[in-house]
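Below you'll find only one chain, the form predicted alone, shown as structure tokens.
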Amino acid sequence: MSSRDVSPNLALDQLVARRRAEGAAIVHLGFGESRLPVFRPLVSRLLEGASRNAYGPVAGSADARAAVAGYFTRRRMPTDADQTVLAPGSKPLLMALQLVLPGDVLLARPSWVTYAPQARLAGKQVFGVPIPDECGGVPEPEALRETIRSARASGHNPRILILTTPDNPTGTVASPALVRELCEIAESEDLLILSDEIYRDIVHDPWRPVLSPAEVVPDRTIVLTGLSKSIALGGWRIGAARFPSGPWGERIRDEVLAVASEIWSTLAGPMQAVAEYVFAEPPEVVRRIAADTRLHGIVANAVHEIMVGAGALCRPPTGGFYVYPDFEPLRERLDWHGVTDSASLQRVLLDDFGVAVLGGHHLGDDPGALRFRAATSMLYGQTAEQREAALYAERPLSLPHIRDELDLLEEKLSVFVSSGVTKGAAVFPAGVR
């Protein structure tokens, strides 16, 4: 994918919407969105903030930044308000950081679709590093060391390490021991860490330990978060960053603000009112996020069972709302359908079977592999009423609209992996059920 292409994540969602409008019946697992209804108290906060029509400070209002600082402090990262910046989503913050930080970029392979194109837009070289067997979002340590050595021997300057936990696309959480090992490499190799923690509040098991690199190497870690995933506000575009204390952190923060002042000016005033409320984490917000997380975990694990039942290898999901199956064990069978790589895997699943997924090649993975990302949060319902019911159901998998989608997915995959289907035959044409 070129850095000038439309994000494949967004392009796929638009394609599915167009085909559904034409009458196609598609199991949509292709878009990384929480897909839950708006938490009603947020509408009141938005309306209360509607009178904030002045530009305001580039970094965000003092009250909103104080709320963000409190959020990080409660996660074992003591933070002053002056260390924080708010923005219209975490994407522009990441882009601004790519523009101001020196050096090339080290990424887990696979990783979120936006990291690499942003780095290339900023004129940086991107080096993908395979992930460990047990999780994604972080590079395998020995492979990371070797990649750094090789890149420097070739005259490149790898300086920025992007870590994501919990991870998009694998839906897994890196262990504290692994995070500590990567932080040791960052110190010994003089790397700057961008820690994308936008899924941090969606760890399925509330007792599972989550360690931020900012707790280990605070002087070289910038943390990013937002409200798109934890409380389903993707379209409202609210992101935040935490910079290190001290002169280096202040300098990078000031440079990011300089970029912000020329691109987005400030987070919209009404959204700052929402940010101030949510990042303060009143009890009702905590309860809503817990309900979201419970649903994400239940459905993600159900989809994981379907993928494994179809014969794929797949890490068990532990955070977020994704699974990342590998159909390599079924390569010979899938050749019946003309599936030879992740691009053809994505295409055949959508065109011949009506299952929308995002091929691993879009995520920096080996294009020849048979892997894709499935966004399980897309299964909560087609209407706001169905999604609301899913959120508060005691047994969401028993709801007809979720059960039907899961059963249909299982049925389609079962036929897809069958070796008795003639190459090119469309057993489940995309518009037929």
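It should be emphasised that the depicted structure is a prediction, and the values quoted were computed from it without experimental measurement. Numbers for residues come from their place in the sequence shown, where the first is 1.
The discussion below concerns the form predicted in complex with a further copy of the same chain, not included here.
- In the predicted bound form, Thr266 approaches a further copy of the same chain with a heavy atom inside 4.5 Å.
- Taking the partner from elsewhere, Pro283 is found to have every heavy atom lying beyond 4.5 Å of a further copy of the same chain in the predicted bound form.
- For Trp236, a non-hydrogen atom is located within 4.5 Å of a further copy of the same chain in the predicted bound form, even though that partner is not displayed.
- Although the partner is absent here, Ala50 sits close enough that one of its heavy atoms falls within 4.5 Å of a further copy of the same chain in the predicted bound form.
- Of the candidate stretches 35 to 43, 403 to 411, 369 to 377, 66 to 74, only 35 to 43 has residues whose heavy atoms lie within 4.5 Å of a further copy of the same chain in the predicted bound form.
- For the candidate spot formed by Val6, Gln118 and Glu262, every residue has a non-hydrogen atom within 4.5 angstroms of a further copy of the same chain in the predicted bound form.
- Ala258 is the sole member of Ala177, Ala258, Ala343, Ala290 with a non-hydrogen atom lying within 4.5 angstroms of a further copy of the same chain in the predicted bound form.
- Checked against a further copy of the same chain in the predicted bound form, the residues Leu330, Met95, Val216, Ala302 give one hit for a heavy atom within 4.5 Å, which is Met95.
- In the predicted bound form, the residues of 269 to 294 lying within 4.5 Å of a further copy of the same chain by at least one heavy atom are, in order, Gly269, Pro270, Met271.
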